[in-house]
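To begin, one chain is listed below as structure tokens, in the form predicted alone.
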């Protein structure tokens, strides 16, 4: 039996999806790019009213049928694919935050390129986090080049697939150039995607010029596009969970129609990050119980539409790495795994995804490992039932520790966390300084950085990536980037 968690029945999912079709047919979406608007308006089933289009159900369903049910991503150093489909579960580090958690600087400070590099080095050692994300928005480079520079640095320092997005339209082309250079060419990149690029429809029901153009750019390339509407229940979407899921689904489907209008068959991922507004504080709470429920609902709706799924649910709202942060991320990451979300994003984040803690990411990595173990079925085969072992040992004083069966099976049967998770006796705890998990994780970050060995990258590919990013930086007045070497 595959452990699974569901919040919606099949009829309830159908009601939400039908509601999204109704919204698209009645009020549609705003499309901020005249060029893309013209492409969509040329499709059968579209009605144009200024820069707003309505879409009938037939068009949306035709577009859905053309989308692949599976997306494959590749590490730079391995042949096997990371699969986003069905019940596969993968975790991705939190991304696109301006601040790094720093207890020595009143809890946070602006992130730099060095913080991004160090964080990426640590991601390499997180065995249960499958994708990296160029987590920080470095403050020591001009804003127009930030997004492309993040891809450049992250892909140099880690072979894991990259997840993030472009802030504009010109940097999308630069990101594409950097990725193509490191992949060995555009054809090679499309055949073996080393990254995901996301677009963020604006709630309620809007695609800005940047979102529309970048969706069209990726569709034209036939490259995977992760759609991430971020409706705020009670703010930019209805206060009810069902109403927010209806609008969220409509925003995804509208973006999907744009993609398929440009190139039928282009891969898309049904994603998002619904949150709720705390009516007392006015904050967008991404770790609230209701956000977790909606995150799980995203997975069920995506499966109903035969699309890969992704959520931002896994973040913490706490301002520091404390019990609240552990509860929020632990509950969300585990729930998303049980909901069988294909791509679960948020490890390492704090404060409504405005801050990232590298030490917390190491702790969250352990949670991800536990979550992956939790969703594995219990083996009830003959060897696992162990009837012969019980007959042999059950009535003896020898016990089971020395049994060959135990020695053979315990590594596969048990998830063994790292020493960040304290399972030792109190004596060992006290001898090590009585440090809590956060202090142990901080120590581990230092050890990883001290032990880092630069990885090898094809010199010609790196030189081409260097040329592209340097030219883009120079265009925006920066003659020397903070980091361009792997060290």
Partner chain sequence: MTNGSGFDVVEAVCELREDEVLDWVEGQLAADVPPLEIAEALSGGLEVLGQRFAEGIVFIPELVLGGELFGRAMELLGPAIEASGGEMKRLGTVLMGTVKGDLHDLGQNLVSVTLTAAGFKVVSLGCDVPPERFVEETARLKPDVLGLSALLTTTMQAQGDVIEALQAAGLRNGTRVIVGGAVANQRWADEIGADAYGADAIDGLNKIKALVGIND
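Note that the coordinates shown come from a computational prediction; the quantities given were computed from them, not determined experimentally. Positions refer to the first chain, counted from 1.
Although it is not shown, the form predicted together with the partner chain is what the next lines describe.
Which one of 240, 354, 124, 289 is close to the partner chain in the predicted complex, taking close to mean a heavy atom within 4.5 Å? Exactly one residue meets the criterion: 354.
Consider the chain as shown here, without its partner, and state which of 184, 103, 86, 235 has a heavy atom within 4.5 Å of the partner chain in the predicted complex. Flagged contact: 235.
For residue 143, is any heavy atom within 4.5 Å of the partner chain in the predicted complex, or not? Heavy-atom contact with the partner chain at 4.5 Å: present for residue 143.
Given that the partner chain is not shown alongside this chain, does residue 202 nevertheless sit within 4.5 Å of it in the predicted complex, heavy atom to heavy atom? Result yes; residue 202 sits at the interface with the partner chain in the predicted complex.
Given that the partner chain is not shown alongside this chain, does residue 98 nevertheless sit within 4.5 Å of it in the predicted complex, heavy atom to heavy atom? Yes, contact at 4.5 Å.
Any of the heavy atoms of residue 387 lying within 4.5 Å of the partner chain in the predicted complex? No.
Does every residue of 137, 277 and 281 put a non-hydrogen atom within 4.5 angstroms of the partner chain in the predicted complex? Yes, all three are in contact.
Proximity to the partner chain in the predicted complex (heavy atom, within 4.5 Å), stretch among 398-406, 153-161, 319-327, 281-289: Of the stretches listed, the one contacting the partner is 281-289.
Within 147-185, the residues that have a heavy atom no more than 4.5 Å from the partner chain in the predicted complex: If the 4.5 Å heavy-atom criterion is applied to the partner chain in the predicted complex, 147-185 yields only 167.
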